[in-house]
Structures are given as structure tokens and as C-alpha cells.
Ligand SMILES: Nc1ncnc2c1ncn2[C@@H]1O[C@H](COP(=O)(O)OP(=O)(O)OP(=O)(O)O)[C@@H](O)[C@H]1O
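A single chain, nothing else alongside it, follows as C-alpha cells in the form predicted on its own.
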């Protein structure tokens, strides 16, 4: 699949723009603050409902405007069809349309447009908190099995109810029920994540030889529980939650559970964030995101889209070219931003591509 026609209204510096992408390589060229990243933000909002730079939509909507609008046409090569999609967001309301029908959930739009964004702060996937890595692995699980999203929503609701009971003494009578429900859903949700991890590791192994020169990388999934307790050991979980009850009441939240699981990423047996250089962190994060994108490809052969903001940031010319060659080998639609100087450093003479120049939020096909 690929993104064809894409239009934007009122996204940061962009007042109105329309771009027709190639199913292969697309390069957005412009100086800093010209609107390159704003286009990728709009793509992120269309795919995930929010920008990768800010979770506050008010910060993304153009100054003096009330709402942001993104529309596109998705082309499916295997099925020979085109589906129009769109999202309109304001501070108070979100409207989503797929194939000329209004839908209520962002998940439906995300399912239609699987996109992986690689950007300068992608190193937070390794150096940031566990919630970033949980979202990373859950993104794969979301595309692998439609039941994951249903199970994930149930777990979030149960966790919210249990935490409410911990805060409100008048609701304490319901604690045993919500604790029991929480225990039941530890194992199923963890299994979805393990399946996602299996796919990630397979694709990571495939792509790392083209870019990674460091020591062996190891990735494992923790459960959010003490190591000696299995996610499917009901009796042990009952004892754990009973022993933690008073502490949970004091903190007003559930301390243990798969909502606190984490991807442990290590290099040569040590936490990657502590032992590798900034450049290696960047490469490792990019490899993980490329592997993620490959993992969300459908069984019908429809591949997701990779968007890269500032390809040349913090990478020397040798690694820039290696990364570009690796991305081209994925045979996925690529939408990249770069500066004029960055473009000059790439060897793209024989590569089929579409070039776009951006100045002050205005895009021109070259």
C-alpha cells in the first residue's frame, strides 16, 4: 500500500498544501523551519491521531485557526483499490472519515494507514521511559491481531476502575472484583506482546547486518511483575496483590502488572542507554523502527509506510548512505525530509524518486 494524494490545512506553518507522493522514494527538501517537519506531523496525525512532536493538538494547529484538516488517498496494490481517508481535529472535537463514512475510533484510521515515523528524538525509544517502549511493541501487536486492541482496552478500563477503588474508600468493596479481573488479563495481553516481540526480533536480525557494527544486541520483554511470578500463575498473583494492597492504597495506583512491563534493550549484556555512543543509539533506534515497520506488514503483502524526519541528523555521510540503502531495500514507501546540503551528500542519481521543495509551508514538485 502507499499514500497517494495528501492534503493539509492549518498545520503549524502550513496554511494549505497538497502533495502527490510516489509509491517509492519521496524527498521533501527545504531549509530549517520551512515546513518539512510540519508535513510529517500531519502524516502522524492522520495515522495515529496526534503529532509525534506534541500530544497537544492546540500546539500543532496553525496560529489564528480553529481546526486542522488532513486528507489522503490510500492505494492498495494487491487489491487494486483506492480508499479516501481524513481527519479533522480541533481543541474540542475530532472527526474521522474512511471511504466516505464517519467512524468513531482513531484505531480504525490507524489500521488503514500503518505508518512508522523516524525522527531526531527516536533515541528516546532506548533512553526514555518504559511507556515509550510499551507503545512501540503495542503498535506491532495492534496490527498483528485485531483482538489485541479489544483486550488492551479492557485492561485499561479494569486498571482505571481498580485505581479508582484504591483512591475512594467508599468504593473499596469493589476492589476484590477488579483485582480478580486484572489478574485474569495479565497472561493474554502479555502473550500478544510476546508474539509482537517475536516478529520484531526476526526483522531486526534481518536488517541489523546492513547498519549495526556494535556488539550483540539483546531485546527481551519484562512482565511488570516480580521475576519469580509468572503471568499465568493465578494463585501467586492473588498473593502478590494481597500483599501489596496497603501500599497500593497509599499510592492510589496499582504498582504491579503488565501495565508496567518494559522492553529491555541491552548491548553486550549491558543496558544500551548506558554503554553505546549517541551515534550508535541513533542507529539502534532506527533499526528498531525499521524492524517495527516490517513487522506490521499484512499477510496479504501490503506494507506500511516509513516517514523519516531529517535523515542526515547526527549521522556521518558513511552511515547516512548505508541507512538510505537499507531503507530502499525494505521496498516500502519512503517519505523523507532533508536540507539542500543533506541532499547533496546522498548518492541518488540512479534511484527512482520524487522531489519536493518547501519554502514557508508551500510545496513545489521538482
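This structure is a prediction, so every number in the text was calculated from the model and none was measured. Positions refer to the first chain, counted from 1.
The following text describes the form predicted together with the ligand, which does not appear among the structures shown.
J.: Which residue among 53, 303, 48, 322 has a heavy atom within 4.5 angstroms of the ligand in the model of the complex?
T.: For this set of options, the contacting one is 53.
J.: From the list 34, 67, 297, 44, which entry has a heavy atom within 4.5 Å of the ligand in the model of the complex?
T.: Looking at the other structure, the residue within range turns out to be 34.
J.: Hey, in the model of the complex, does residue 61 get a heavy atom within 4.5 angstroms of the ligand?
T.: Yes, residue 61 sits close enough to the ligand in the model of the complex that at least one of its heavy atoms falls within 4.5 Å.
J.: Although the ligand is absent from this view, report whether residue 26 comes within 4.5 Å of it in the model of the complex, heavy atoms only.
T.: No, residue 26 sits far enough from the ligand in the model of the complex that none of its heavy atoms falls within 4.5 Å.
J.: Contact between residue 17 and the ligand in the model of the complex at 4.5 Å, heavy atoms?
T.: Result no; residue 17 lies far from the ligand in the model of the complex.
J.: Residue 346 near the ligand in the model of the complex, any heavy atom under 4.5 Å?
T.: Looking in the model of the complex, residue contacts with the ligand do not include residue 346, since no heavy atom lies within 4.5 Å.
J.: Though the partner is not shown here, which residues of 8-28 have a heavy atom within 4.5 Å of the ligand in the model of the complex?
T.: Contacts from 8-28: 12, 13.
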